[in-house]
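Here you get one chain, nothing else, as structure tokens; it is the form predicted alone.
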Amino acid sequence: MLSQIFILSSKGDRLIHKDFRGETCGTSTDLADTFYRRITSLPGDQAPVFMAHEGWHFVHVRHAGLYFVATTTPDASPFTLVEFLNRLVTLLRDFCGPLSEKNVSLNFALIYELLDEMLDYGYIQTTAPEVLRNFMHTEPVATKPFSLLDLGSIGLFGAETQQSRVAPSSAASRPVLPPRGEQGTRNEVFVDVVERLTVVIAANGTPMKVDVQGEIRLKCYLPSCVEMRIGLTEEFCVGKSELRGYGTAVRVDECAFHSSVKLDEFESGRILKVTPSQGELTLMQYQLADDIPSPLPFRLFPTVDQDPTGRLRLYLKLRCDLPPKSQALNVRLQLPVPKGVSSLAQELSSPEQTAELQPSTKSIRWDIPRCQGGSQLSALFKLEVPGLSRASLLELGPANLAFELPAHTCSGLHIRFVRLPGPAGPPQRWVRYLTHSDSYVLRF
């Protein structure tokens, strides 16, 4: 049971606010402002999903820089509300297009109508897009036409990467319902394999933790769809004891499927069968831990010493172990330094790289726009640290790396085919791959 739902911008502006039960009427408590003050007072970006304040519980998720927040009393299931908010984000992308502050403001009438159909007095009624579409009368308002200048803000039809800088075709970002004035849309199907990589590497270079969380996502723009068949890698194995095919095994520890996926051909041919409705759907989720078939994408080789003037010298070599034809985009290394550091001098291996000392977090941020597989980059940092001591050196590291790997999967999973029978010819089909870092820690 929900009391309120509101959508806030990154600056705390109230874009959408829906009060279902009127439980705060007559009080001076503004829950939206209370939430924003609480969330911005916390250090860093890792705010808790659940927070409590004077008998009220806040549950929130963040997408595209926007806060999607639900308030409830303590007797509600928090995990149900998280799932509902994530489903709400997916529905808004389906009905309104790519999420942004401007797009939410333009489509506020459609969003309020959608919330009215999804909830009744705070109780969830449905989140099925095929059901909601029958009750929607407000048409989506299109934002400005797509421009190459906007590539920096588009992800895989809303896939949340750490920096959201991998730009696919703009077609996957448009709303499922055609905007006002458009007669129809092209028949297209997008299948994306998105993986999140969590790694901890010890100071001697030994991986201490390797975890891959993956999803196969489907976005369908077909007005009516027959059964779709999606073939996975024939050597795809679930569990450590299973062995299939004649090539190198593509192994995961466990996987789960959407309830609409038919698995009668999965054991024999690794084929998923589904009859999707218009919109976005997560077909399969999988996990792989500790044993991945490909080398880890990055290794760091640090050297720390003091120069004759007493400055702390930090020499970093970053090696990219991807195949030569692959590349990493938007690589960012964040390195904590001693708190007493007063200045930074730098020497970088290429002019497109940038680095700066961030006084608020007492860390160095090293940005690399593009890194080709098999290459090695270097940076020399000279830190002025008054009163440098052995205890100060303990404040150095570990390094945190963020990056995106387009057209690459760490698990080795690939899509063999996407087949849809149709009398008027098959629709346009797109298959895309993306791996991004969830947490990539390199210890000194």
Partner chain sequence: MPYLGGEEALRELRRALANPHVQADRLRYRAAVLRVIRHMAQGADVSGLFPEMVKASAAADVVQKKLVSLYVRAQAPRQPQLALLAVNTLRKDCAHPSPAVRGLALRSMCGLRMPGIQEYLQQPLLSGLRDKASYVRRAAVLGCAKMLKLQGDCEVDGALVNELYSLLRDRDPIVVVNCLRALEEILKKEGGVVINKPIAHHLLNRMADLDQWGKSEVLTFLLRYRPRSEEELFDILNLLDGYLKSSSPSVVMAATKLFLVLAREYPHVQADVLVRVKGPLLSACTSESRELCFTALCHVRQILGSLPGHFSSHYKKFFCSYSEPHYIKCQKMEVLCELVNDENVQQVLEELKGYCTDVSVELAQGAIFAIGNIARTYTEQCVGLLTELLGLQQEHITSAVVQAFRDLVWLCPQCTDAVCRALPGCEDAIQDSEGKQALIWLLGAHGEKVPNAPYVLEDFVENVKSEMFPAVKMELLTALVRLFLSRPAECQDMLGRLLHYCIEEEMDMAVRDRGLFYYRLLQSGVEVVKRVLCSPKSDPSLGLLEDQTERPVNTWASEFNTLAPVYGRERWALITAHQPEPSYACSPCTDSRNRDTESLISEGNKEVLKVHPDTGSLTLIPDVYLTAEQFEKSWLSLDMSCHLSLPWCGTVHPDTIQTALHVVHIQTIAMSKAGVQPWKAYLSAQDDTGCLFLTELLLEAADPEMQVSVKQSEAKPEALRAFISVLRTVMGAAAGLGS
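Positions refer to the first chain, counted from 1. Note that the structure is a prediction, hence the values are computed from the model and not measured. Between two forms, the rigid core is the largest collection of C-alphas that superpose within 1.5 Å.
Below, we refer to the form predicted together with its partner chain, which is not included among the displayed structures.
Student: Counting only non-hydrogen atoms and a 4.5 angstroms cut-off, does D211 reach its partner chain in the model of the complex?
Tutor: Taking the distances in the model of the complex, the answer for D211 is yes, it comes within 4.5 Å of its partner chain.
Student: Does any heavy atom of S360 come within 4.5 Å of a heavy atom of its partner chain in the model of the complex?
Tutor: Heavy-atom contact with its partner chain at 4.5 Å: present for S360.
Student: Please tell me whether any heavy atom belonging to H408 falls inside 4.5 Å of a heavy atom of its partner chain, as the geometry stands in the model of the complex.
Tutor: The answer is no: H408 has no heavy atom within 4.5 Å of its partner chain.
Student: Is there any non-hydrogen atom of P78 lying within 4.5 Å of its partner chain in the model of the complex?
Tutor: The answer is yes: P78 has a heavy atom within 4.5 Å of its partner chain.
Student: Flag this candidate site as yes only if M1, E83 and T126 all have a heavy atom within 4.5 Å of its partner chain in the model of the complex; otherwise mark no.
Tutor: Yes: M1, E83 and T126 each sit within 4.5 Å of its partner chain in the model of the complex.
Student: Which among 296-304, 267-275, 321-329, 201-209 is in contact with its partner chain in the model of the complex, heavy atoms within 4.5 angstroms?
Tutor: That would be stretch 201-209.
Student: Heavy atom within 4.5 Å of its partner chain in the model of the complex: which of R87, K317, R370, R313 fits that? Just give me the one.
Tutor: Selected option: R87.
Student: Just give me the residues of 92-123, first to last, that have a heavy atom within 4.5 Å of its partner chain in the model of the complex.
Tutor: Heavy-atom contacts within 4.5 Å come from S105, L106, F108, A109, Y112, E113, D116, E117, D120, Y121, Y123.
Student: Core aligned, does the CA of L434 move at least 2 Å between the shown form and the other one?
Tutor: Where the cores coincide, L434 shows only a C-alpha shift between the shown form and the other one that is less than 2 Å.
Student: Taking the rigid core as the reference frame, is the Cα of P74 displaced by 2 Å or more between the shown form and the other one?
Tutor: Yes, its C-alpha moves 2 Å or more.
Student: If the two forms are fitted on the core, does K325 show a Cα displacement reaching 2 angstroms between the shown form and the other one?
Tutor: No, the C-alpha moves less than 2 Å.
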